[in-house]
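Quick setup: one chain, the form predicted alone, written in structure tokens, and binding and motion questions come after.
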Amino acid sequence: MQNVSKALEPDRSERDALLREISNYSNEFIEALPDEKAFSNEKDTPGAFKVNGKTKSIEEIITLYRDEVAAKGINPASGGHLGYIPGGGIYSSALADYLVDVTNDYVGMHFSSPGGVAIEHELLDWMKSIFGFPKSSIGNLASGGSIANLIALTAARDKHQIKNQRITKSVIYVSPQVHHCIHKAIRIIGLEDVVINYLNLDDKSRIDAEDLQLKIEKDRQIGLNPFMVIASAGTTDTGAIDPLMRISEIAKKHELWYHIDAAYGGFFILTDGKRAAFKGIEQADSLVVDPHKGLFLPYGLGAVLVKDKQSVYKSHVYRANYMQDAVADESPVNPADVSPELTKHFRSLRLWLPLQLHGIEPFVACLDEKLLLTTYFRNELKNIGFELGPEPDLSVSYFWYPIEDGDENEFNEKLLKELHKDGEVFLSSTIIDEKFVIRMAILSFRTKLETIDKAIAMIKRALIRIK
């Protein structure tokens, strides 16, 4: 058995050979990105990934990966991915992931990896300083915005003791454009039967704060229990930033938990031009922001900050006999005590290493660049006859082509299908006030001026084909 299992521990020459093949493919992939399509609707090959106990060479495996994974569907590494909320995946983060996968540090408990946990706390403290949260706040680096939002909403539930028969009388106030992971989190934490009160929006898709005030008062009058309001600092549909300060004043007046989902837009606070738009974010009871969006990391890193430490602990701190060594002494906050996760991947290095290697300036420059590209794209679209949504707060916007005769929604849906067939640049769609619109989300660090010019050329080609 020992001889057979040696295959799992390749020697140095074997490791070098494996790394050489992986490195060669990685370099070829990155260098080809400018000329590759951002989307292919080609389907996967049935049986291509069958696991049957037989071995393949690393060359065969890379070929399979290249042809059946990287070449199909959306290409998230491409600067032409303008469809959802891309990040791009900076190379230095991939190196960090390689390191942590080799050392396999467990960072759920300080006892097991004091250095790894210290890095997580350092990053969380850095984010507290960016968003004006007190040092006493608690935080966690999760797998993404969904788990980060789950942690925050669970803390709100427990702070306000929303359980048993109180659930059906309790109210959460949200925008109709709140991210769907909020609804998932509400179900997961046992609040499926809570009252969801949707707020009116202004003409820029921002929450109407005075509508929030009125609805809280009306709900109280009929015996309901308002306990939480959720705002967005960059909605997924339209990139809107809700009136954060005014909402905070109302939430404080009525003693509501104030949660802000800034998963997409939060890091735009680093730019001089957008900093003022985030005034009030520091007033939140909890905040979510995704480094794998606004800091261009590979998928798999979201962050949550919560001011009330005990509310988070109430949900997540459990002890088992086999963990007694890990909690025997005084130590910093254990990440496993702030999250559903006990097994904790050392994901914080994927942010810490790039910040150490590059500093913050290139990240801020990229964010400023995306704002300019959004304005440029909108101007070019207007020049070729498109109607535009309102000027966006950030780098998500939408547009549609007006037609005099026929079904405008049907025409634009057909147009998007043509764009997907082309695939040079990937755009998506959404529904705004029952109108089918095409949506741009400009955030990848690889999206440049020439990318937008490609998108405009692709759109012109598609229009010619379907007119």
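If you're wondering where the values come from, they're calculated on a predicted model, not measured in any experiment. The first residue of the shown sequence is 1; numbering continues from there.
The discussion below concerns the form predicted together with a small molecule, not included here.
**Q** Of the residues Arg157, His81, His292, Arg350, which one places a heavy atom within 4.5 Å of the small molecule in the model of the complex?
**A** Exactly one residue meets the criterion: His292.
**Q** Select from the listed residues Gly88, Gly139, Gly145, Pro354 the one whose heavy atoms reach within 4.5 Å of the small molecule in the model of the complex.
**A** When the small molecule is considered in the model of the complex, the option within 4.5 Å is Gly145.
**Q** Does Gly234 reach the small molecule in the model of the complex if we count a contact as any heavy atom within 4.5 Å?
**A** Output for Gly234 is yes: heavy atoms within 4.5 Å of the small molecule.
**Q** Does the small molecule get within 4.5 angstroms of any non-hydrogen atom of His179 in the model of the complex?
**A** Yes, His179 lies within 4.5 Å of the small molecule in the model of the complex.
**Q** If we define contact as a non-hydrogen atom of the residue within 4.5 angstroms of the partner, is Trp257 a contact of the small molecule in the model of the complex?
**A** No, Trp257 sits far enough from the small molecule in the model of the complex that none of its heavy atoms falls within 4.5 Å.
**Q** Whether Asp242 contacts the small molecule in the model of the complex should be assessed with a 4.5 Å heavy atom distance threshold; does it?
**A** Asp242: no, not in contact with the small molecule in the model of the complex.
**Q** With the partner removed from view, which of 334 to 342, 157 to 165, 192 to 200, 292 to 300 is the stretch that lies within 4.5 Å of the small molecule in the model of the complex, judged by heavy atom distances?
**A** Stretch with heavy atoms near the partner: 292 to 300.
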